[in-house]
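The chain below stands alone and is given as C-alpha cells, in the form predicted on its own.
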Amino acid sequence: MPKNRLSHLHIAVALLLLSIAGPALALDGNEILRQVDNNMQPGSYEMYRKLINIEPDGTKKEFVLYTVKTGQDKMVALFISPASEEGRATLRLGDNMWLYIPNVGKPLRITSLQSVTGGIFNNSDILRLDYHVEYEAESISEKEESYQLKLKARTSSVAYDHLQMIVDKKSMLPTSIECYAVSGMLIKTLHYSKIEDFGDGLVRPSVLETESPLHKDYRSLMLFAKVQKKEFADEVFTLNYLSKVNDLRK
C-alpha cells in the first residue's frame, strides 16, 4: 500500500476511535447528580435531625425532627422538641406541602419558601427531595479534586431557580451549594461537612450549615443522626396519618 494511503488510513481509524470514545468519556452532569443523591440517602429511610438557628447575639433555638421519606417525592417530618412544637408534623408530596398542628381542625397548606422553624432553612430545605428530581445539569466544569455543576430548576415551583454545586470527586458527595433566585441574586450558601458512617454502606455528611447575605450574621445548622433504610406503607404519606407519625418510632 502506498505510504500516503497508509497514512490516510491511520488518520481515518484514529478519527473513528475518537468518535466512539468521545461520548463515553464526556462528563454527564445529570449522572453525577444522581450519584450524589444515591450517596446521600437510601430510597426509603428514617432519620433524626437537630436544627439550630443562631442569632447575631449568639442566642440559639433548637428543634429535633424525626423524618421519614420514600421514593422521590414523599416525605414527613415530625417535631419531637421543643415542647411547644411537639406533635407538629409536615408532609410533602411532590410540590405540595402541609403543616399539621395538634388540636387544629385540618392541616394547613405551606409553601417552599416559608419556614416552619424560622431561621435560614426554608421548608424546601427541611423537606428536601433528591436534587436530580428538582434540578437538571446545565453545565459542568472539572477541577483536580471536584466537579462544579450548574443546575437549573425543572419547574418554576422549585424554591431556587438555579444552584452551583461543588461535588468532591473521591466521595461523590456535595461540599457546598450556592442557591440563586431567578434574578441571579444569591439567596444562601449551604455547606456540607463531617462525613460519617451511618452503617449499611451509607457514608455521608452529618452536618449542613447555611448562611445568607439576606440575613447578615444569622446562621442555621442541620445535624443528621440515625439515618437508616426503612420501608413504609403508602398511608404514612397522607394527611390523615399526620397525627399518628410518632407511632413509627415505637
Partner chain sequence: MTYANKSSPWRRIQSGPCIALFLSCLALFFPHLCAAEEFSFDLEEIEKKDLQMGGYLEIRGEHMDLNQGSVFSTLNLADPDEAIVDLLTAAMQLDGSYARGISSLNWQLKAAAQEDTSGWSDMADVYSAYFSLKADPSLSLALGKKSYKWGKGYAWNPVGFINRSKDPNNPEEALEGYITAETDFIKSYQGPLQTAALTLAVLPVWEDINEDFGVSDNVNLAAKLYLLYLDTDIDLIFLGGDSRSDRFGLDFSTNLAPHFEIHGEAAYIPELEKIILEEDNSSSRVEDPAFSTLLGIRYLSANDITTIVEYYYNGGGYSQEEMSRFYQLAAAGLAQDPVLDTTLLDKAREMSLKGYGRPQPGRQYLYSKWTMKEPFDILYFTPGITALVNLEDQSYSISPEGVYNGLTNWEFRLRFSLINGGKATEYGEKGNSNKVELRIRYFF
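Positions refer to the first chain, counted from 1. Only a predicted model underlies this, so the values are computations on that prediction, with no experimental measurement involved.
From this point on, the text means the form predicted in complex with its partner chain, which you will not see here.
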- Message: Which residue, I32, L221, I187, M40, is the contact with its partner chain in the predicted complex, using a 4.5 Å heavy atom cutoff?
- Response: L221
- Query: Is the gap between N53 and its partner chain in the predicted complex 4.5 Å or less for some heavy atom pair?
  - Reply: yes
- Message: I'd like to know if S84 sits close to its partner chain in the predicted complex, meaning any non-hydrogen atom pair within 4.5 angstroms.
- Response: yes
- Answer with yes or no whether S156 is in contact with its partner chain in the predicted complex, where contact means some heavy atom within 4.5 Å. yes
- Query: Is I126 one of the residues lying within 4.5 Å of its partner chain in the predicted complex, judged by heavy atom distances?
  - Reply: no
- Item | Per-stretch contact check against its partner chain in the predicted complex, the hit in 161 to 169, 130 to 138, 105 to 113, 146 to 154 (non-hydrogen atom, 4.5 angstroms) | 105 to 113
- Since the partner is left out here, which residues of 200 to 215 would have a heavy atom within 4.5 Å of its partner chain in the predicted complex? S206, V207, E209, L214, H215
